[in-house]
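Consider the single chain below, provided in structure tokens and representing the form predicted alone.
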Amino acid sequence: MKSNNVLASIEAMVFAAGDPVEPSKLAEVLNIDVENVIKMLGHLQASYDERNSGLRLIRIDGKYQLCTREEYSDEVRGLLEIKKNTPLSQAAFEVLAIVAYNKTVTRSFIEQIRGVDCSGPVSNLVQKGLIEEKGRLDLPGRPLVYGTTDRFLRCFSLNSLEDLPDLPEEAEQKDDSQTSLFDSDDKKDEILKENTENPDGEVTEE
């Protein structure tokens, strides 16, 4: 297959996939090396950028997806009659930060950090597709574990969670009256166990 045909095939498959697709899946369909697919994706990405196309090819956690450019978002919303999403509340942003910087957490852990009930913000973030259930801990009660999604990475223009900005120094300082979000993994596990073993602990309603 000629390189131009391969490039066109990759473009068609990424477009049809809709969701982020792994280069290995594309390579499997085309029966070529993953390295060649990644190289072709780079050419496709550069092509969109060079001609200032209304589309752009983005990389999300090692996967690729076609999307529209931000500067044309109003026109796209107008065509599809999509109402602008309601901005996230401060509480939702705080919960999202806790999940993102800790990779995976339970709701009890989030509530231990914030000191208030977080069922509302967690449910809202799940509905918006910014966080999702990642499984259950092997602890009493089998608590759900939450983590961020590809949509979260896309919305915040991140390739992976490793691209999150460094935390300000003051955010890393310990507070004796409240468990820090940035405790060690051992401390985090201790909090998780404490909360799952004492599910009826009092939590202040927000």
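For every residue, the number given is its place in the sequence shown, counted from 1. In this text, all values refer to a predicted model and were calculated from it rather than measured experimentally.
One more form of this protein exists, namely the form predicted in complex with another copy of the chain; it is left out here, but the text below deals with it.
- Residue contact with another copy of the chain in the predicted bound form: N36 places no heavy atom within 4.5 Å of it.
- Heavy atoms of L41 never reach within 4.5 Å of another copy of the chain in the predicted bound form, leaving it off the interface.
- Heavy atoms of Q45 never reach within 4.5 Å of another copy of the chain in the predicted bound form, leaving it off the interface.
- Put simply, S123 is close to another copy of the chain in the predicted bound form: some heavy atom of it is within 4.5 Å.
- If you take 39-70 and check each residue for a heavy atom within 4.5 Å of another copy of the chain in the predicted bound form, you get Y48, R51, N52, S53, G54, L55, L66, C67, T68, in sequence order.
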